[in-house]
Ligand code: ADP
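So this first bit is one chain, no partners, the form predicted alone, shown in structure tokens.
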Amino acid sequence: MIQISCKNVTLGYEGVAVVKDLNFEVSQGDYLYIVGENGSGKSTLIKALLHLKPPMSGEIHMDHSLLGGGIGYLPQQTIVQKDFPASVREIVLSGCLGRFGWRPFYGKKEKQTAMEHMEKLGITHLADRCYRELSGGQQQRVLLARALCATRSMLLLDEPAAGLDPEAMQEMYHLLEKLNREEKITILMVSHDIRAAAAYADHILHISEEPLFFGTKDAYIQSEIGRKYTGGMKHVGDA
């Protein structure tokens, strides 16, 4: 099942195009990395997929299951967010707001959903801890659990491993791989880490003002631009 289809999409600000003629599809269960240099249009594409900014031209079609907050979004963290004075449980639960409706309290179903995702990510022992007291890797697990509370089918992640130490980074990559392979959750990850993309992705979209590549990971590694950025990687262990 195709969940997202972009056809001849041009994105930009105030009449100035940032990226032109985007054409790609995302099917259920895909693991798509969106890569490119700063200013290439990755953040603008995120806003378009979240319906925060309409395309200048072209069409973005989404499966009905993704409409109305059906995408679990994990944005880049700011310094202010890292210092947020709330408990882990409260932050994870807040991901249920869009999925179950805006209500002045959380019901049994929301609390059960939050607990299930905390267990899945190994953070139940942190439930009563203050978020700002956690390590960077622990904070990202909390935010990932929050994003999972918002969706049944798709995660959109903006540089989820940025700022993490190497061990926490690998743990994050392995968690996402497990969610994709075992839970069949579609993952769209915006990242500068092209070597990780070549290791973990099913498909890669490489953009830089215009689409430079869209296709399978193997085809990317063998392409001219793929060879330039990955050095011809072949194995996950090379990441």
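It should be emphasised that the depicted structure is a prediction, and the values quoted were computed from it without experimental measurement. The numbering used is simple: start at 1 and walk along the sequence shown.
What comes next is about the form predicted in complex with adenosine-5'-diphosphate (ADP), which does not appear here.
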Checklist entry - When adenosine-5'-diphosphate (ADP) is placed as it is in the predicted complex, which of 34-42, 168-176, 61-69, 195-203 ends up with heavy atoms within 4.5 Å of it? => result 34-42
Checklist entry - Are I91, Y106 and K111 jointly within 4.5 Å of adenosine-5'-diphosphate (ADP) in the predicted complex, each by at least one heavy atom? => result no
Next on the checklist: Using a 4.5 angstroms cut-off on non-hydrogen atoms, would K47 count as touching adenosine-5'-diphosphate (ADP) in the predicted complex?
Outcome noted: yes
Checklist entry - Contact between I221 and adenosine-5'-diphosphate (ADP) in the predicted complex at 4.5 Å, heavy atoms? => result no
Checklist entry - Heavy atom to heavy atom, is I225 within 4.5 Å of adenosine-5'-diphosphate (ADP) in the predicted complex? => result no
Item to check | Neighbours of adenosine-5'-diphosphate (ADP) in the predicted complex among 1-24 [non-hydrogen atom within 4.5 angstroms] | outcome: Y13, V18
